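Just one chain follows, in the form predicted on its own, and it is written as structure tokens.
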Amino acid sequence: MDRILQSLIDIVGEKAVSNHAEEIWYYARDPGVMPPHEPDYVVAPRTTEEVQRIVQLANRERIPIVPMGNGMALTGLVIPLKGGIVLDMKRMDRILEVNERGRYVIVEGGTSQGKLKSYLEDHYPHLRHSIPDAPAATTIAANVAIHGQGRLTQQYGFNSDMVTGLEVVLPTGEVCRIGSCSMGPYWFSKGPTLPDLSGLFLGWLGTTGIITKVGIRLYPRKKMRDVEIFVTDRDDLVADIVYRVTHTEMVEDITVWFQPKPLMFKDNNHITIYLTGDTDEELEFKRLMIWDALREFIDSKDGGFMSVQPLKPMLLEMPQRGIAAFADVPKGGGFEYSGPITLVDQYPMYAEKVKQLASKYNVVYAGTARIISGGHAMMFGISFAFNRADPDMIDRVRRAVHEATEFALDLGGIPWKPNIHEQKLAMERMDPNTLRLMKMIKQNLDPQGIMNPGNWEVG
């Protein structure tokens, strides 16, 4: 047994470490199109102290280390590009505290979205957190670390905006707390009025530290939730429709989507509008406000509301399972996308580009825009499904996603969950002084260059 393996066993126990081929195979890949690369070891710590000791070992031995939530980002962010240790956080899944009046919760770094959702439903049914449209096993810490989205995005922004505090193991092994929890026992704020140091870890894809605890905001869970879908066949009207709806400040969430199949959806843009309330009267008031805001488009016959009854159970799922169904359209279970953050006004250009790319590369497509912070911006998902057993189709999807990213960057968008190729494209366009600042931060936090190497590597 080699020296590193024995050292890891000494830290976490024999059952929580592996270098066996079957486990290594699993941790070498994710569901996207990035090529696999095997780690040398997989380890599943249970405590912050164990994470600290593993990082100290990696530092001494100069071994790469990659923190992993559930590996569902699709863009290769936890594929160990240079081998080393994959740190699977799944055993660190405790819900540590719910502050009911302060409306926040503290969880460990491996706690899943599904576990917190069930816990709140059982113990605090009047509170909820923002749930992304991802499998329930997706972890909260990983979601905030990649600026993930959830079902309160329209009102409140990214899930990383909902962070109230962090505990992080730095690349040199020190444990650091970020926000109000660095000053006392309460986790109500990640920054203001202190210097907001959370930006050193959120969005860095595990290259600057490992999140072992995270505090996130909770929100009132209204007694009732409903959905409407407004449909228009004119791409150029979508931005104005979204503006009118967000201007009412009556909605919880808005997504816009289009797809070629089934045929009832073809050539139309569907603006899905989510409403919440505590009474029928509140819901009806909000619905009337939205209908009134869109009256002009209804009267001109440029759009209208469609019946949602057959779709309502699926639309109100949290998280939704429609994405998984889309991935299996080509009967192969593969799904990849480019997800730039950009202005809502650019919707028509992105919608046209999705269709062009699908035709050019002969792939199945879907387009989705999630509105962020009341219309401040949108995440436009340029999505392609593929058969994982078809290498040629995978290559076509890879090229389509690459072209989509170049298109978005040329329009001034910024990449969401960028893979290593998209990171390089972004850095090529970035202000040189910004790049130098990024390099300085990484060199100071991770002088050995062991943290998730290959990601955000500034030359």
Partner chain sequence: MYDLKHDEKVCATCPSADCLLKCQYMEFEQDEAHEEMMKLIRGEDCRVLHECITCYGCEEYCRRGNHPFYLICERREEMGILTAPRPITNQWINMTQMQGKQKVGAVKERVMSFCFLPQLPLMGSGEIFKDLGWSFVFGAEFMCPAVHTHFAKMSVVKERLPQVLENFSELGVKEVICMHDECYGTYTSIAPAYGMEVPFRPIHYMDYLYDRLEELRDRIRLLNIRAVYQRPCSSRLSPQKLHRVGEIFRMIGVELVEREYQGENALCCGEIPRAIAGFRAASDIQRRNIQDMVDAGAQYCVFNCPACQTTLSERVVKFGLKPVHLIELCKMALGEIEMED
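No experiment lies behind these values; they were computed from the predicted model shown. Positions refer to the first chain, counted from 1.
The following text describes the form predicted together with the partner chain, which does not appear among the structures shown.
Decide if the three candidate residues Ala21, Gly71 and Lys82 all line the partner chain in the predicted complex, where lining means a heavy atom within 4.5 Å.
-> Not a single residue of the candidate spot has a heavy atom within 4.5 Å of the partner chain in the predicted complex.
From the list Arg321, His376, Lys223, Lys266, which entry has a heavy atom within 4.5 Å of the partner chain in the predicted complex?
-> Here the answer is residue option Lys266.
Name the residue from Arg234, Lys360, His247, Arg388 that puts a heavy atom within 4.5 Å of the partner chain in the predicted complex.
-> Going through each option in turn, the one that passes is Arg234.
Going by heavy atoms within 4.5 Å, which of 172-180, 212-220, 258-266, 198-206 lines up against the partner chain in the predicted complex?
-> That would be stretch 258-266.
Consider Pro185 of the chain shown here, and say whether it contacts the partner chain in the predicted complex, taking contact as heavy atoms within 4.5 Å.
-> Output for Pro185 is no: heavy atoms all beyond 4.5 Å of the partner chain.
Is there a heavy atom of Gly110 no more than 4.5 Å from a heavy atom of the partner chain in the predicted complex?
-> The answer is no: Gly110 has no heavy atom within 4.5 Å of the partner chain.
Does the 4.5 Å heavy atom contact test between Leu194 and the partner chain in the predicted complex come out positive?
-> No - in the predicted complex, heavy atoms of Leu194 and the partner chain never come within 4.5 Å of each other.
So, in the predicted complex, is Lys301 in contact with the partner chain at a 4.5 angstroms heavy atom limit?
-> So Lys301 counts as contacting the partner chain.
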